[in-house]
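Starting off, we have a lone chain in the form predicted alone, written out as structure tokens.
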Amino acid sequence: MDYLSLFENDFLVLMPEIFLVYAACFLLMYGVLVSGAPEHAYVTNTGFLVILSLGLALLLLINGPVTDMLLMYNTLKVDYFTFYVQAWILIIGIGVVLMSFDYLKREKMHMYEYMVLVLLSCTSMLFMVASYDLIAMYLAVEFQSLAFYVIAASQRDSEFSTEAGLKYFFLGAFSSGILLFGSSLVYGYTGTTNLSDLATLYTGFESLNVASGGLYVGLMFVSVGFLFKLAAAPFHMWSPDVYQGSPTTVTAFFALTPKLAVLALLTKILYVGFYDIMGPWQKVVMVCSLASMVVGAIGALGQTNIKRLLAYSSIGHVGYMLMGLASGSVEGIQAMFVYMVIYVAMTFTTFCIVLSVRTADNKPVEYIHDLSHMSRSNPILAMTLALTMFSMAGVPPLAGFCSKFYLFFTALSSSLYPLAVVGVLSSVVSSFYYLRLIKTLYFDHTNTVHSYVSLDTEKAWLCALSFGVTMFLIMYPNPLFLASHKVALALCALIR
């Protein structure tokens, strides 16, 4: 048998991932050969090559020969759900590399490896989203985690970055062990790891008079492993320290891409493989959603460090997204993806502005009061950040309000009344620290702390695009709703 022809279509469908792997190998060799170039030039050149690679992979993804296919012995699945999430991963990866140029130069981080690690982590997340088997899922998650451990500790002259990398490594390894143990329990009780086979086995499972405790424990451990990766409460303890210690561009990357990829993979596993035993995992997701919204709202109240504030804000947003996952309906998945895209746009804008502001001694801002003079030094940027904070708080008629309203409505329609009530209350509480940041921008003018804004071209375009998306969705959200509805239908079509 000609095995090459047997897998020919599989290789064609996986062309974006294969191309990125080869690009990473080439860029590693390129970085070694030109690392002696002066004045940070080789890092910038590597970054532009990474952007080119991610852009070409996006074109390969858009022009893929197959739109719906099982491949590699049913371990990977390509459909519109996979395509949509992978496209956003590549777009976010391009944006993160663009916002990193000026920061790496100012912080004297002359490391081309940083760019290659971003490329490798994006590649791993493409495999994650396409996974259709617990073994493939675990391997892709570990591929992603290894890149993240290194990139969190990439600022070698900072003890905070080293601490962040170590904390992320130990807690990430612990969560990976939980995930692997849960997968092994599921395999031990069923004899299969394929999501389609699991769905077939579990059809009408709750009506059968068999011992199901081991399966429920395995499913719980799988869910907890992913919730660790999402930094959902009560598994969030690593998130504020890692966000604070990592370089700011790495923090932005952690706040954006893993949330999208891990949540999409968790949604696929729970809905496709375990939909017929929704009761156990729905309870776990509901508890984590409630805890994340409460911890995100209350934990951020006493924060003065900007990155820790954004870490708790991210925990709260994960809680809102888990509300859509817990609903168990097409509308819930649609609302979750609507919220996810708006969250990505708002977070991009926030980090672009935070990266652009520096103190009088040309150091990155660390505390909220460092932004006290932005309304005078750059009123347009201050207004942009203020509107983004209003949107994150859910003030109507901004895009953040529309996404939260849709999620709350979905929770009510699924009879998840505690989630909707706690969501509204936590949104009100979280408005306090968003409004406090806006007050700092416009009304706090200290004599000791001065800040100025140096917005480079890359971040200016990124900030304009992300903020423009947020404003556009206020006036015309229909394309996002239609795309999210199509994603939800593609996922629900896989449910047995």
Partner chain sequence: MNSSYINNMSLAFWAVSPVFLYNMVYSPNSPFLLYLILVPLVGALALFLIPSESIQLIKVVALNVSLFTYIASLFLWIGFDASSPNFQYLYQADWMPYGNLYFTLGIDGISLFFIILSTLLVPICIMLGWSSITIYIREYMVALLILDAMMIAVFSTLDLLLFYVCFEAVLIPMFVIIGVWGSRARRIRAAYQFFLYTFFGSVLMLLAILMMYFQAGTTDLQILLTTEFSTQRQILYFLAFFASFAAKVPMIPVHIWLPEAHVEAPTAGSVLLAGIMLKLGTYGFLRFSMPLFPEATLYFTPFIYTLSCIAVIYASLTTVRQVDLKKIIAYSSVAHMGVVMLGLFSLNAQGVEGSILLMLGHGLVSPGLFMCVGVLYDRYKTRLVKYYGGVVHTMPLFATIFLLFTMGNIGLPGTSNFVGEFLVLTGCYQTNTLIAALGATGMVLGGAYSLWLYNRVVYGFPKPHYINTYADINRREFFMFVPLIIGTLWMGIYPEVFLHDMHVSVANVIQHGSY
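Positions refer to the first chain, counted from 1. Everything numeric here is computed off the predicted structure, so don't read it as measured data.
Although not depicted, the form predicted together with the partner chain is the subject of the following passage.
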| item | value |
| --- | --- |
| Close approach of Cys25 to the partner chain in the model of the complex, 4.5 Å, heavy atom | no |
| Close approach of Ser327 to the partner chain in the model of the complex, 4.5 Å, heavy atom | no |
| Contact flag, Gly279 vs the partner chain in the model of the complex, heavy atom cut 4.5 Å | no |
| 4.5 Å heavy atom contact, Leu49 to the partner chain in the model of the complex | no |
| Candidate stretches 124-132, 174-182, 101-109, 420-428, one within 4.5 Å of the partner chain in the model of the complex by heavy atom | 420-428 |
| Leu310, Val295, Ala153, Leu398 - the one with a heavy atom within 4.5 Å of the partner chain in the model of the complex | Leu398 |
| Position in contact with the partner chain when the complex is considered in the model of the complex, options Pro379, Gly213, Gly302, Gly191, heavy atoms within 4.5 Å | Pro379 |
| Heavy atom contacts to the partner chain in the model of the complex at 4.5 Å, residues of 388-415 in sequence order | Phe390, Ala393, Gly394, Val395, Pro396, Pro397, Leu398, Phe401, Phe405, Phe408, Phe409, Leu412, Ser413 |
